[in-house]
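Next up: a single chain in structure tokens, the form predicted alone.
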């Protein structure tokens, strides 16, 4: 009898350690857009707390699929889910940071200063502007020696929240795009070649003379890619930056389900291709893992601003952080 009690006690202790250990590991998957920042956060958080967060940078579409299937503890997406889809799968979403997308290009002899309008960008992606010395581009850039070179459009090949933000923008500025192609994490591209992840698009643009593509700003800065000034809704040509993304985000209206769209925002300093990126969790998430996850989010909101700014992401305002954490703690 004593031996049996000792064995039961040993098993109970082992199980308690196993449960405690399991609660200190989180698995996530999704967006490549915030991957540089998330990697930094997860590394720093593990160093400080011992909690390990594994993250697969597979694109927003993959992250949504995995959290809906329940194969990860959290998903990550640059495309917010509509309330109907959240309710259908028992999910909750909230934003982490904001970011912007640069229009990167590879034109020999033009390292800076290229100006593009939203309409020109849309017509490039519709296949209507096929040469870099097209008259419409020349009129925008009279002081640049634009080459007689094909425009090679590069887009994402995987399901992507970066694509969702970009196609929202194209639909905002082009009725033809809105009706013929539409928006989403994955669309039927009229022209172009595809790259997997932000890194895939960035790599193709860097390797291909005449290429143009939409790439998350952190990747552009990190790899020193050339990118264009884009005309905003008020007629000002802007580069993406923390300041111009803050200006765009300041016009965002945040509903209870955190479904936010602020591409092509008003304001002279608002960069037009910007959006939030999100974490997505199941409402019936294991309580131990939920507690671990909430502690990480609290840490990231409190201590992660410096890393975000260093990598050209825009930290959330304190009021929005409070709103998100309050809702998360009610799950």
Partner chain sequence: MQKHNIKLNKDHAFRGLTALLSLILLLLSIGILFKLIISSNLSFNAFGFKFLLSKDWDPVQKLFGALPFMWGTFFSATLALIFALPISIGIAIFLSELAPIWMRQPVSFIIELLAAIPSVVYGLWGLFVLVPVMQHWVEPVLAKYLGFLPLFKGYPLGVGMLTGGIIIAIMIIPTISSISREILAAVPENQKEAALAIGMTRWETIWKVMLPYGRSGIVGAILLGYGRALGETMAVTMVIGNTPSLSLSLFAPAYTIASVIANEFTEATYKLYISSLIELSLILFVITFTLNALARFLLWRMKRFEEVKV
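Residue numbers count along the first chain shown, from 1. What you are looking at is a predicted structure, and each value in this text was computed from that prediction instead of being measured.
Beyond what is shown, the protein has a form predicted together with the partner chain; the following relates to that form.
**Q** Kindly indicate whether 117, 141 and 314 are, all three, within 4.5 angstroms of the partner chain in the predicted bound form, using heavy atoms.
**A** Not a single listed residue reaches the partner chain in the predicted bound form, so no.
**Q** Does any heavy atom of residue 147 come within 4.5 Å of a heavy atom of the partner chain in the predicted bound form?
**A** The answer is no: residue 147 has no heavy atom within 4.5 Å of the partner chain.
**Q** I'd like to know if residue 181 sits close to the partner chain in the predicted bound form, meaning any non-hydrogen atom pair within 4.5 angstroms.
**A** Contact check for residue 181: yes, within 4.5 Å of the partner chain in the predicted bound form.
**Q** Please determine whether residue 249 contacts the partner chain in the predicted bound form, using a 4.5 Å cut-off between heavy atoms.
**A** Looking in the predicted bound form, residue contacts with the partner chain do not include residue 249, since no heavy atom lies within 4.5 Å.
**Q** Using 4.5 Å between non-hydrogen atoms, is residue 272 touching the partner chain in the predicted bound form?
**A** Because no heavy atom of residue 272 falls inside 4.5 Å of the partner chain in the predicted bound form, the answer is no.
**Q** Please name which of the stretches 236-244, 91-99, 117-125, 149-157 has residues with heavy atoms lying within 4.5 Å of the partner chain in the predicted bound form.
**A** That would be 149-157.
**Q** Can you pick out, from 58, 285, 280, 300, the residue that has a heavy atom within 4.5 Å of the partner chain in the predicted bound form?
**A** Only one option qualifies, and that one is 58.
**Q** Identify, from the list 193, 107, 229, 260, the residue with a heavy atom within 4.5 Å of the partner chain in the predicted bound form.
**A** Checking each option against the partner chain in the predicted bound form, the one that comes within 4.5 Å is 193.
**Q** If you look in the predicted bound form, which residues in 61-79 sit within 4.5 Å of the partner chain (heavy atoms)?
**A** The stretch touches the partner through 61, 62, 64, 65, 66, 68.
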